[in-house]
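In the block that follows, a single chain appears as structure tokens, in the form predicted alone.
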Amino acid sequence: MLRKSWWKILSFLLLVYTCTFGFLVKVPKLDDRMQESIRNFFFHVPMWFSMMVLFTVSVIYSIKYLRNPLRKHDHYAKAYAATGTLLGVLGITTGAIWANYQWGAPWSGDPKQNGAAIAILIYFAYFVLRGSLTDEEKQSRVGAVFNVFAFFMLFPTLWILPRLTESLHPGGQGSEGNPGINGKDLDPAMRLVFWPAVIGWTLLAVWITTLKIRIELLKDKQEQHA
């Protein structure tokens, strides 16, 4: 039992560690605006990391489904996309809270914010499209194709376009939003919380997803025996 659940226990311990030391660790005072709001870095950014991991796994299973249309591949793709979308919504929410302190408003129309919103709306469209189709085979096939499209749209909306325009967000052209908040300049003390947070949030997201998948597989068994 312990051998199968070790990663779940690790997820719990890492998130307890993150939520505890994330508020206790000494953080650098980068500017007068940021102050203690920098601690949101331990939640906002790891959620985006985890989201990308889950969307990647989801598109892999969609491609698997297109090559070999097994029902379980579609369940995996849909479940990972659902949890990834949830993390994306949480990432936007925590980002808006941070932006309120850093930029003076929760939503300022920054290219990074707009791109993130578009990316998540595309995934919402994925679920709306699936829900609009009644035939299960067609739903799975069309959903798999759209999921591949949604995944590759992440790159222009999140990484490419925001870097080509003026942005307050770190990584944008002319960025003046959060000085020093990137992987290369991250304070050593913050690294001790940040990377465990990334792993912890990712493992928790996978845990939630596996529960969703088990429910769907049980429904399939019930339908087969009905």
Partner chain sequence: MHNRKHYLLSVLAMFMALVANAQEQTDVMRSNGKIYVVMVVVLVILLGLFVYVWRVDKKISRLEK
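Numbering follows the first chain given and starts at 1. All values derive from a computational prediction rather than experimental measurement.
Keep in mind that the form predicted in complex with its partner chain is not shown, yet the notes after this line are about it.
In the predicted bound form, its partner chain stays beyond 4.5 Å of every heavy atom belonging to residue 202.
At the 4.5 Å threshold, heavy atoms of residue 5 reach its partner chain in the predicted bound form. In the predicted bound form, its partner chain lies within 4.5 Å of some heavy atom of residue 221. Judged against its partner chain in the predicted bound form with a 4.5 angstroms heavy atom cut-off, the residues 50, 56 and 194 are out of contact without exception. Within 4.5 angstroms of its partner chain in the predicted bound form, the stretch 82 to 118 places no non-hydrogen atom at all.
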